[in-house]
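The chain below stands alone, shown as structure tokens; this is the form predicted on its own.
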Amino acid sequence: MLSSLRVLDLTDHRGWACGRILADMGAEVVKVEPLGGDPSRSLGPFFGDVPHPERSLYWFSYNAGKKGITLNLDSPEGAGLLHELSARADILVESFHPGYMDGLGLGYEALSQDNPGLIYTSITPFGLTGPRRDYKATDLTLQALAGIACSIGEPEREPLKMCLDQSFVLGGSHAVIGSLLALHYRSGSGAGQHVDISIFDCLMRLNYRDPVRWDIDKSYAQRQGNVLVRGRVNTRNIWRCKDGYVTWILAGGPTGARENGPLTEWMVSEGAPGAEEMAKVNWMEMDLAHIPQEQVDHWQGIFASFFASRTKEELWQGGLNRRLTLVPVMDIEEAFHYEQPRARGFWHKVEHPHLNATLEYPGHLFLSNTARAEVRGPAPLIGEHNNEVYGSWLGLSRQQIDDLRAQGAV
């Protein structure tokens, strides 16, 4: 799909996702690391629980399908090599501190002199402009500042962050969109662009509900935890069962009749406590806007008792048979073994010869009848493709590469 593209990836863990997505779509993505390897290789967890820069599962995940070279940008020879490489690239992605690449003579203005069509994408916490451009940040601080954490958690407890490094994945995804749109523009104009990605801006876009809520009733969204606020009442989202949790929501009107009727009939057929009472409710006419919270809590207590007496599988199959939106809350292992993505070939087996192991990776971004978007190989070892890339991109011989290595350039 993007097999004609050459991409230089100079990001750390804040921008890895961009190169990974482009690699999955077929681009030749070359991960440029400092001598000794990217410091983010120290991030765990590690394969076999053995800390080592060549065993980081974090590194494996976000750098699969890329080629890897080492390059000392601080040396004149190394900087010169990046000039030559970028002159032959379509896209360069970096996540250094604002101004760092300019200070090395490797910023957009410098590199575009040799390659006017270069798409130069910068991923930073707050962007390249504005009063906070020089601030550093973590995933946690970005989620906190963007108001994301404020909306997550129980209302009576402290705010929470989304798990994993969601902000960095989001920033990397936006970098893909910005880079490919700039590439599309180049196809007609011939001109490259400097794409400026602020991870903070990307997170701010997640708050799409709050401005709408303010326009409607001049209030801010509050943390709701395990409830859905429905006017004056709250209804639960997650329910405990014998071996975990399921999700289901009590509703009224046509939705309630479609959901609650078959569910209560099921409960009656199995002699569930309180089921006869629930069967007498006219769910079509029940309007949560006019039902006191105490009554809703009473009904939910009866449903909760029924759910707690059955397993996730029993509830799921029973719900499917009755066309209910009653779904198990899977843990990671259950999601991994779930038949639907496996039937679509979502999980891809990737050989890791240096570990003598085969690992399964999340696969395609999408399916197409003419192209593949999937993981194309393991993450590179430190400097694994030095000879290949410097040879094929720049035409350097093995001896020339060895000389550069002796000089501390690669």
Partner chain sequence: MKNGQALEGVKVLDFTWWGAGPIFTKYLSDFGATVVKVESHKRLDLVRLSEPYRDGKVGTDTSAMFLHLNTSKLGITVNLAIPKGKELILKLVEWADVVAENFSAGFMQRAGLGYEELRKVKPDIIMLSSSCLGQTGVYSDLRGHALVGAALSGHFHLTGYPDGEPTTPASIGVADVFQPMLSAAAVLAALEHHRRTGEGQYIDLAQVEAMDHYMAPALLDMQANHTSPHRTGNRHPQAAPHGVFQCKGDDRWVAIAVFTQDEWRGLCQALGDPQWCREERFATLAGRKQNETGLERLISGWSQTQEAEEAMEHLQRHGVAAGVVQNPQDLLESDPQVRARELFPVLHHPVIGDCTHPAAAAKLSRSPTRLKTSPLLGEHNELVFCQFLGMSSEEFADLVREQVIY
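Quick caveat: nothing in here was measured; it's all calculated off a predicted structure. Basically, rigid core = biggest C-alpha set you can superpose within 1.5 Å across the two forms. Residue numbers count along the first chain shown, from 1.
Separately, the form predicted together with the partner chain exists; it is not shown, and the next lines address it.
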property: Which of 360 to 368, 66 to 74, 30 to 38, 381 to 389 sits within 4.5 Å of the partner chain in the model of the complex, heavy atom basis; result: 360 to 368
property: Contact test in the model of the complex: Y245 vs the partner chain, heavy atoms, 4.5 Å; result: yes
property: The partner chain contact in the model of the complex: P341, any heavy atom under 4.5 Å; result: yes
property: Non-hydrogen atom contact R205 with the partner chain in the model of the complex at 4.5 angstroms; result: yes
property: Contact test in the model of the complex: M1 vs the partner chain, heavy atoms, 4.5 Å; result: yes
property: Option touching the partner chain, based on a heavy atom within 4.5 Å in the model of the complex, out of P273, P292, G130, G301; result: G130
property: Option touching the partner chain, based on a heavy atom within 4.5 Å in the model of the complex, out of P98, P328, G261, G107; result: P328
property: Contact set, 38 to 60 vs the partner chain in the model of the complex - heavy atom within 4.5 angstroms; result: S42, L43, G44, P45, F46, F47, G48, D49, L57, Y58, F60
property: Post core alignment: G78 C-alpha displaced by 2 Å or more between the shown form and the other one; result: no
property: Core-aligned C-alpha movement of F200 between the shown form and the other one reaching 2 Å; result: no
